[in-house]
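So this first bit is one chain, no partners, the form predicted alone, shown in structure tokens.
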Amino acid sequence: MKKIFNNKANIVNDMLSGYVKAHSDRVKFSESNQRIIIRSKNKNINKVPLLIGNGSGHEPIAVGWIGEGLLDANIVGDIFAAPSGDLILEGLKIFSDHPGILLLISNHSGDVMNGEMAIELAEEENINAKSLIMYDDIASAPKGKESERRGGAGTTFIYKIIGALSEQSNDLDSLLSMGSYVRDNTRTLSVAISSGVSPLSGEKIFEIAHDEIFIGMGVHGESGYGRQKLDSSENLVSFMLEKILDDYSFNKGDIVIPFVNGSGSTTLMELLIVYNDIEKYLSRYNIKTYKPLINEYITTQDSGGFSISLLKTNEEMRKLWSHPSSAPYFHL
């Protein structure tokens, strides 16, 4: 199990140092802490900044998505570990002069606990910060209990659409409203085919037989629908989309944005084959697609597999999705 690094204790800091040096025209360390990465070009003081705190090991999300039209800051935790509430608060303080701050929180226990703690601490210091809990993974909780679902790859739609809207709006509540609407119109299902290796332990993150796949596994190996035999892309995509369309009502003539996300070691060849099968499946129901996103954006180190996310859109969502971004590792 091979990884390239210098010292285990410095993996995250070395990565962030390389990132900032490589993209110093767009990102920089905050003055207070080198675990807080911010935009080089400050956001207009009258606009609402967008932040997230998350664990490392899933790059390019979220540190690679800092830029105009996306995130204004990322508070970076250790590998697969959320940053502390105090560190997130430190990030919020940077933007205390803005009319409000929106903190995105992916629905995982550590992220929620520390993020909500930071919001409470910010309130005590009269900082106008609010949080949006993001979730979309249909395998993690049944229909009717959407708020109990994990955050998955479909949270990407919130980052991009709210990031674009935040460049136009100084109204925190309007960002929260749109973020909630995007979240409620998103569904994601994943499949794992091989395990990545933890850079800390040097061991596989989960075990799976060579002829097996796991439907609905979370980004850290969390449980989902279960295991089955490896099948063709076409059959697998049909199975996954049946689950998604059964969970949420998509109608003839709807326009959806598809996101095919690779888990870390899935080739672009495979992802494009998957997308071809998605297009064929959706066309049978006369569901139209708009500007799909296809690549490895939310990874679990070198894990194999992919997820399918669908966002049912309206015209405003599509316009915001198409808005340009300067983030180093987000490209439509």
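All residue numbers are counted from 1 along the displayed sequence. Small disclaimer: the values here were computed from a predicted structure and weren't measured.
Absent from the display: the form predicted in complex with a further copy of the same chain. The rest refers to it.
The partner is absent here; in the predicted complex, the one residue of Asp254, Asp171, Glu234, Asp247 having a heavy atom within 4.5 Å of a further copy of the same chain is Glu234. Contact check for Asp14: a non-hydrogen atom falls within 4.5 Å of a further copy of the same chain in the predicted complex. Although the partner is absent from this view, Asp211 contacts a further copy of the same chain in the predicted complex, with a non-hydrogen atom inside 4.5 angstroms. Under a 4.5 angstroms non-hydrogen atom cutoff, a further copy of the same chain in the predicted complex has Lys21 among its neighbouring residues.
Contact annotation for Arg26: at least one heavy atom lies within 4.5 Å of a further copy of the same chain in the predicted complex. Residues of 290-317 placing a heavy atom within 4.5 Å of a further copy of the same chain in the predicted complex, in sequence order: Lys291, Pro292, Ile294, Asn295, Glu296, Gln301, Asp302, Phe306.
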